[in-house]
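Shown below, as structure tokens, is a lone chain in the form predicted on its own; questions about how it binds or moves come after it.
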Amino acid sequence: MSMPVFDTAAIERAATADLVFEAVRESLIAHAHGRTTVPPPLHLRFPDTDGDCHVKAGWVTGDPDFTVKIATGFYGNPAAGLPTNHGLVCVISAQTGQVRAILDDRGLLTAWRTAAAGALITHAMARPDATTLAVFGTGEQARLQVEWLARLRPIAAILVHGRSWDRARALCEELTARGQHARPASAEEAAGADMVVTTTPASAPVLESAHVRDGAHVTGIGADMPHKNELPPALFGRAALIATDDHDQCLHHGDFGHAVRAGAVTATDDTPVGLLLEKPAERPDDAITVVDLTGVGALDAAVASAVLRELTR
């Protein structure tokens, strides 16, 4: 019997937003309580082509499957008419070690689980009356963060900041066509939104701490390798609450780690994201909150297993 390989179209039909949100939320909570196995990710860089590759594995305790995932990001691809991200997920039985299926998702599930994680924690930590959203970045993840957060709360206005004004304008036009009110903005103006999400491969901070207003929430998505850095250490120093998806990963190659090494905060100043999804913390209206997401292999396992169940019903 040959091993099943499911293509992107089949995966996209099976992976509903509700399914992805539930799998991501439950796996982040399980991870916060130590009910996962997640080895350190493997990173490869390709400086000549502005590319990188992540290999991540994960298992949620008690689940029938674990996964090994390859995810690539080649940031010059759009100029050649190619998508930035690609990859696949290998789903393996946690009882027998046999490969159950290959999900040839071309990076789709990574993009969606990242979008769901960002949306869930931004919604949980932002003020209930926060309605303006700024995204730093103009790629697929910037668009997805808007779309997935809009599933959870109303967004009155969207500010988009990118290195290319033309790409920022193009993303705004796409979001506006989908019913959102979006416009390009400077880095200073975008940093002053109620909710700020950064989705870039930057190696230096994309905003200044002083431009973030009291009462704002900031979610960092892009710093998922040691050389990347989106959020300034001083912003962590201003935060009343800092959350991380994986403490060790964020110390090693996240923005939280940059802040710790800069002396802005200590290595024990973070709270697991999953605990805040399980029971949101009370926050003063003028408090700044910051989240550092580096991507956890347990999320890939949970989402892939849920999708495979749908595909094999």
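Residue numbers run from 1 along the displayed sequence. Each form is matched to the other, and the largest set of C-alpha atoms that superpose within 1.5 Å is called the rigid core. Values in this document were obtained by computation on a predicted structure and should not be read as measured data.
Another form, the form predicted in complex with another copy of the chain, is not on view; read the next lines as being about it.
- Comment: 51-59 is the region of 22-30, 261-269, 247-255, 51-59 lying near another copy of the chain in the model of the complex, near meaning a non-hydrogen atom within 4.5 Å.
- Taking 104, 208, 147, 173 one by one, only a single residue has any non-hydrogen atom within 4.5 Å of another copy of the chain in the model of the complex, and it is 104.
- Checking 156, 204, 82, 177 against another copy of the chain in the model of the complex, a heavy atom within 4.5 Å turns up for just one residue: 82.
- For residue 132, no non-hydrogen atom is located within 4.5 Å of another copy of the chain in the model of the complex, even though that partner is not displayed.
- With a 4.5 Å cutoff on heavy atoms, residue 228 does not count as touching another copy of the chain in the model of the complex; it lies far away.
- Contact between residue 240 and another copy of the chain in the model of the complex is not found at the 4.5 Å heavy atom cutoff.
- Remark: residue 281 does not count among the residues lining another copy of the chain in the model of the complex, judged by a heavy atom distance of 4.5 Å or less.
- Contact annotation for the candidate site: 42, 70 and 95 all lie close to another copy of the chain in the model of the complex (heavy atom within 4.5 Å).
- Once both forms are fitted on their core, the CA shift for residue 269 between this form and the one not shown remains under 2 Å.
- Residue displacement note: residue 51 has its CA displaced by at least 2 Å between this form and the one not shown (rigid core superposed).
- Once both forms are overlaid on the rigid core, the distance between the two CA positions of residue 42 between this form and the one not shown is 2 angstroms or more.
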